[in-house]
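First, one chain by itself in structure tokens, the form predicted alone.
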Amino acid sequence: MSLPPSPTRYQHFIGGTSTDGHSSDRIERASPGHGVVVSTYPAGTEADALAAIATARTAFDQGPWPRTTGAERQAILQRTAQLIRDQRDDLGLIECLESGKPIAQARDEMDWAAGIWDYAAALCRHLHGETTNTLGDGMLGLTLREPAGVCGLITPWNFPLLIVSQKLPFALAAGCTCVVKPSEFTSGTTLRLARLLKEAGMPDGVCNVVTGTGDPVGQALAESPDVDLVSFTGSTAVGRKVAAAAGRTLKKVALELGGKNPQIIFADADLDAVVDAVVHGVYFNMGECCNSGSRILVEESVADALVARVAEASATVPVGDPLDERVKIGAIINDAQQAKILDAIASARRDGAEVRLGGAPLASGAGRFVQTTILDRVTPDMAVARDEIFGPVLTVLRFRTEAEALEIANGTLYGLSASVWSRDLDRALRMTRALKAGTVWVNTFLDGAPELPFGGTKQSGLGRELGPQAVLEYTETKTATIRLGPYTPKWL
């Protein structure tokens, strides 16, 4: 794999057609790993967003998609999944260049995304209502599941195709039409996906993509009365703004937000397995992952030995050029994020944490890299123990009792995921039930499947993606009450 000879020039995708939109302004995207421009996009305006919303509104109110059979929807989604697999190398290269993630990981993510489309396709034929026949001989109740309408989908830069694939196919499976606003840093694969959907047979206007910044494009999606549902993945701070804007029209809102996810390691755990899971959990995708295992809580009696082993293993993880097949940690997305990571490390130092590994930028000829970093002797009151860093930084906290571990684990505003490492199944189940998190892993970390719901509690979000109920997030429930036989007046 190599850098392209010139930047790829992209356009919005509205009504089945590529267009530059209402403005000649463009956004240039430089590769985080190489410092050269690899893509350019239209800087979308409010007018562009409203045009896409109007197109999706017409496609929902007058077009065929909400009225197609489950079998027809399934066929198009399955064809889309196969097209993603057919183009995994090209799509993976786009993501590698735009996001800075390692090329091998990027290709794997294309396969994961395709698997989600397969799963959503299967749900197309399982979406159904219910009947209630216990209302008496003269009455029948029906519960109908109907598509929610026009959906605004706002996606982040860390897993561009994977996260849009946790939203879009389920909305389409329900019969909705959509306007997608990808991150202005990583819009390439989402625009390619829209064209793959058209190739698979999706009617024009059902899936539209507008590039640009959150203000004005995302803001328009959240505020427009013609958008019935908005689904956002990103930071908790921006999620609050999306919810507030959506609240002005009381539209449905789904939010997948931040996390400060603990791995709780008891002395009886399989420490060989723990070392691998900890290193993977914190450094996967450069730590730019809402599910990152960014803090470990270690029982005091094994903490010193475990931290030494984790530090030794972390020092061997290859960091560097994302186009290198051997690299496992690529480049940081932008200057602002790198500054945030380094500021967090500096803050930890000032607060008395011990830097056991790394803690600085990685010298390179081009690109933006941070060393694998371990902060030991962190206490629960430190900012790095509570705040999401979104970088390759592991914080280590120590505990003596199960109750103390639980108090530390639940002591943040987040509740996305957690893991428990112990050979004592009773203890593992007690912790699983007491942890305030949407996902709890036992003796593993970051495992998942499209069949399993994903989402958070507390300020990690609202609603769930994936799993059998994911399609229900994009529906409304209608009750129909039917009288059988003549109506008998009872009031007059």
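Don't overthink the numbering: it's just position in the shown sequence, from 1. Just so it is clear, the model here is predicted, and its values are computed rather than measured.
Although it is not shown, the form predicted in complex with a small molecule is what the next lines describe.
K.L.:
May I ask you to choose, among E146, D351, D108, E184, the residue with a heavy atom within 4.5 Å of the small molecule in the predicted complex?
P.N.:
The residue in contact is E184.
K.L.:
Report the residue, out of L77, I94, L257, I84, that has at least one non-hydrogen atom within 4.5 angstroms of the small molecule in the predicted complex.
P.N.:
Spelling it out, the residue with a heavy atom inside the cut-off is L257.
K.L.:
Can any non-hydrogen atom of T213 be found within 4.5 angstroms of the small molecule in the predicted complex?
P.N.:
Answer yes; at least one heavy atom of T213 falls within 4.5 Å of the small molecule in the predicted complex.
K.L.:
Just to confirm, N410 within 4.5 Å of the small molecule in the predicted complex by heavy atoms?
P.N.:
Although the small molecule is absent here, N410 would stay clear of it in the predicted complex, with no heavy atoms inside 4.5 Å.
K.L.:
Is it the case that V242, even though its partner is missing from this view, gets within 4.5 Å of the small molecule in the predicted complex, heavy atoms only?
P.N.:
Flag for V242 set to yes.
K.L.:
Is it the case that R386, even though its partner is missing from this view, gets within 4.5 Å of the small molecule in the predicted complex, heavy atoms only?
P.N.:
No, no contact at 4.5 Å.
K.L.:
Hey, of 418-426, 121-129, 227-235, 293-301, which bit sits against the small molecule in the predicted complex at 4.5 Å between non-hydrogen atoms?
P.N.:
Selected range: 227-235.
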